[in-house]
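The chain below stands alone and is given in structure tokens; this is the form predicted alone.
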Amino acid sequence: MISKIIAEDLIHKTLKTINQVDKIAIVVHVGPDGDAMGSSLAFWHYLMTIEKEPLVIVPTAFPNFLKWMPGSDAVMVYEENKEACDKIFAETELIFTLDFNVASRLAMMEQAVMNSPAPKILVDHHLHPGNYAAITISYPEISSTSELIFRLICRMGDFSKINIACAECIYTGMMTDTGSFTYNSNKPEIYTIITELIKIGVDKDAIYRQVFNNYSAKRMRLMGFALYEKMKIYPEYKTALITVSSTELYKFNYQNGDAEGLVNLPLSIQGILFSVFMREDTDKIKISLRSQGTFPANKVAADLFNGGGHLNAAGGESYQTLTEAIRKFEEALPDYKDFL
């Protein structure tokens, strides 16, 4: 039995809103990850089964290792087809915003989505949701947005409409957003949901192989370079830092998603409780933070890099140079020693 986390009035409002429309757009955050794609494609499959006209639109391309997901070939990428996407946002009747808490996470797509006359429904598990949506389904205690989508569909009385394609997408999002169930995944109900997905036909072992055993040789070489040449250990703070410049990424023919999961690797080192990965992008430094135990990765992200997230998994950005971002991080480390 799965507890009824989502408030009853939100279920009724969401179901009523869906029933009143046909054209529905589903959007996720810039740089879509496994949970963004899993939740959006799962909901796309569900809406197809109830004879709606859904479209998934992402701000930027998603990683190649997620392109096996059923329905991924129908996803529209905003930066590649802005005019067509703008037209869809202007004409759609409802917009679901999944796996992000504030509109700025839409990046270059924000204005088109927020200016759309269509009502918005937010479904997310990050802290501090914005107030742009007509309906806000926000539960930070839930492991992933994909888990929330499963719960939402079930609460709307449509568990039987979760087909194998939908189930595979839900499982992928849950798996990737918990580091293959190694953090933020200690609640029994997560495994009750996984049991139901397996009953539907999900092959969890095959999905793991599709996601994690599907990398290019250049990505593997980038990982080796990052660990051997660019990882710095701070033993007194039980911390590791990996930094990669845009020039170094170019050397390894970096493709979107090639750095996915790199931040987790130092946590395998004995005595390391906190790991940070900084990647130089065209106009900013992208920062991923992971931790073990009670160390608050989200607090560091919020304090230093205008970010946030969960206790053990967070992200942020810096508009300084890579050198300046590293210096800021190193100077701040003593402030968090009491958390170790």
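When you see a residue number, it is the position in the sequence shown, counting from 1. Just so we're clear, the structure is a prediction, and the values are computed from it rather than from any experiment.
One more form of this protein should be noted, the form predicted in complex with a small molecule, which is absent from this view; the next part is about it.
- Checking 309, 59, 296, 63 against the small molecule in the predicted bound form, a heavy atom within 4.5 Å turns up for just one residue: 309.
- Heavy atoms within 4.5 Å of the small molecule in the predicted bound form map, among the stretches 267-275, 66-74, 47-55, 300-308, onto 300-308 alone.
- Heavy atoms of residue 314 reach within 4.5 Å of the small molecule in the predicted bound form, making it an interface residue.
- When the small molecule is considered in the predicted bound form, residue 151 lies well away from it, no heavy atom lying within 4.5 Å.
- Residue contact check for residue 126: one or more of its heavy atoms lie within 4.5 Å of the small molecule in the predicted bound form.
- At the 4.5 Å threshold, heavy atoms of residue 105 reach the small molecule in the predicted bound form.
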